[in-house]
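As structure tokens, one chain now follows by itself in the form predicted alone.
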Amino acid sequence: MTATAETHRFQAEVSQVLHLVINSLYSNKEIFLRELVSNASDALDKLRYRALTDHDLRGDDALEIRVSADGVAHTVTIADNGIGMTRDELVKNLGTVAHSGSRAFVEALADASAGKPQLIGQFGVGFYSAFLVADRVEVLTRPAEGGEDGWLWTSDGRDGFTIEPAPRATRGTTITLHLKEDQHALSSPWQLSSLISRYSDYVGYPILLEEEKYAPPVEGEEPKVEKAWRQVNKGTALWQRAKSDLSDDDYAEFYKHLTHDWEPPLARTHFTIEGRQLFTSVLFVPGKAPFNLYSNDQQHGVRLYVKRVFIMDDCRELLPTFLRFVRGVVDSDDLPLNVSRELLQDSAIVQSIKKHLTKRVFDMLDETAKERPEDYAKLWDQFGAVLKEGLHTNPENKDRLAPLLRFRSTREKDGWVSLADYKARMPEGQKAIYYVIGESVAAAAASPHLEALDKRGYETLLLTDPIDEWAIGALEEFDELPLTSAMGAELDVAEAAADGEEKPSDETPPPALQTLIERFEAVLGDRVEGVKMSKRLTTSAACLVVPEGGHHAHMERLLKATQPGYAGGKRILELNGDHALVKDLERLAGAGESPELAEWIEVVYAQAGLAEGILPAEPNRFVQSVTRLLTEAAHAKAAAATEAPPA
């Protein structure tokens, strides 16, 4: 036997496919109006395009879309005076699921000499969104060419549809939705106006909404209600206009309309990208951070349009997370969407747009920092911590981010310093950019870790944001200068010594100090990674330093608050051999066992921790020890004062 290959077409239960399209494709019912208005806009575009070669086709009437509602009959009507449809086009366009008349129209013109019109529809399913809110839909249409016959298409969205001749005075299409019982609220003009403003505000044709108005009262007569048409969409998208035609007030007004923020933005950029992708964008940096900037539900500020039709507010795919505070619009002509036009499809086009937008935001920030430093200082106050997230989450952008960074420092406690400014005023011989991390600027500036650096006149950056440790770790260096923690064990003050200054010796400490170190290590045990003599302290007796790979105390407090069970890492205790207290403890350790020595070692260790904001493991015990020390010191002082001869 010889087998012969057979070819078959897929079979589908059309009513089931239609059910899936209506009930599973869209997650938001209110987009029905967006889809039907977009179809009406396409019908007007088709008429205008054909009228380029057939001047009698259009006539003198203005191209427009009219939307009305009947609160008694619970209907919504969308009408246009566009190209209309013949009977055969009705059957093909509305009777064939996923057949796009707009797409077919554009494909038929693919070889035309004139440019193809930018139509919105592409999948052929948007019309069926009407059945999300309606249990019956009527389409009355009359073609602009091919006779004066009108046709009425009717369907309940289940098993089929009917077509019959019906009169229509002029060309175009009227769609009437008989609303489901639970959707009767949509027959309110206010509700329809809100949906048009949200989804179709920048459709290129006037969208007129029928509204009721009370006529001026006449004495002795009942109040009369008049119906009038009002344009509810702006019609012209600001971003589609030339920048030379726009003023600062135009941008400010658009920003208020877009964001409902009455404070003016700190910066803006308006640009069009042409080439493989065509899109236009207007982006703003707000004057004030939203209250939920760091919340999980924080929305990204870029609003996405495709061919001037609103798609989504929270467009996370077009800008990295660390730029989530940027507000604005992106309007693309060829952005790939899923069938419901509610989600972006991951593609090279999306990544390319994201790359362009990110670059433009950086350019905007660079320009603001250079030309309007006062505005940039305000911007950094509001969004600096978010920008620093990019060093950790998007390290590929660190070369663009580094010049934008601003910090408090030991010289600029109230102002901001850039890394470039820091480097420009470094004294000769300094080989690194130093920083210290603390809970506040005051706490960081008072850190004992800065003593040797302050003595040599070295400026130190004061970092207080939770993201700083990760951000600085990702940056690592700036302009070939390493970023070095003043609190880290690897800090080598000898390298930082100025020319001609005697550098600290790395020799093993003398036996008496070594005995003291061993005594500290015996008392503190595994609470510390080690004890050594310090090269960084000049006035403090001791400090705790972070071993290589460890976290600073400020970061450990955050981790303990967010990660139950996190115990933190061990520190290295450094002692200042020139401090009077350490010298006294050295003599006590060399003289043999002392019952008080262990307690004093505990106090020194606790004090070093407190300088970093680390509470003692046993606060009551620490208080008792300090109280005893104060009591003994006060008693000795009082006794000496009473025994001293009068002056």
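Note that residue numbering follows the sequence shown and begins at 1. For the two forms, the rigid core is made up of the largest set of C-alpha atoms that agree within 1.5 Å on superposition. Quantities reported herein were computed from a predicted structural model and do not represent experimental measurements.
Keep in mind that the form predicted together with adenosine-5'-diphosphate (ADP) is not shown, yet the notes after this line are about it.
For Arg58, no non-hydrogen atom is located within 4.5 Å of adenosine-5'-diphosphate (ADP) in the model of the complex, even though that partner is not displayed. Not displayed here, adenosine-5'-diphosphate (ADP) is kept clear of Phe322 by more than 4.5 Å at the level of heavy atoms in the model of the complex. Contact between Met364 and adenosine-5'-diphosphate (ADP) in the model of the complex is not found at the 4.5 Å heavy atom cutoff. adenosine-5'-diphosphate (ADP) in the model of the complex comes within 4.5 Å of no heavy atom belonging to Arg34. Only one of 224-232, 528-536, 555-563, 86-94 lies within 4.5 Å of adenosine-5'-diphosphate (ADP) in the model of the complex by heavy atoms, and it is 86-94. Checked against adenosine-5'-diphosphate (ADP) in the model of the complex, the candidates Phe520, Tyr128, Tyr435, Trp151 yield a single residue with a heavy atom inside 4.5 Å, and that residue is Tyr128. In the model of the complex, the residues of 31-65 lying within 4.5 Å of adenosine-5'-diphosphate (ADP) by at least one heavy atom are, in order, Asn39, Ala40, Ala43, Lys46.
After superposing the rigid core, the Cα of Asp45 is displaced by 2 Å or more between this form and the one not shown.
The two forms, fitted on the rigid core, differ between this form and the one not shown by less than 2 Å at the CA of Thr460.
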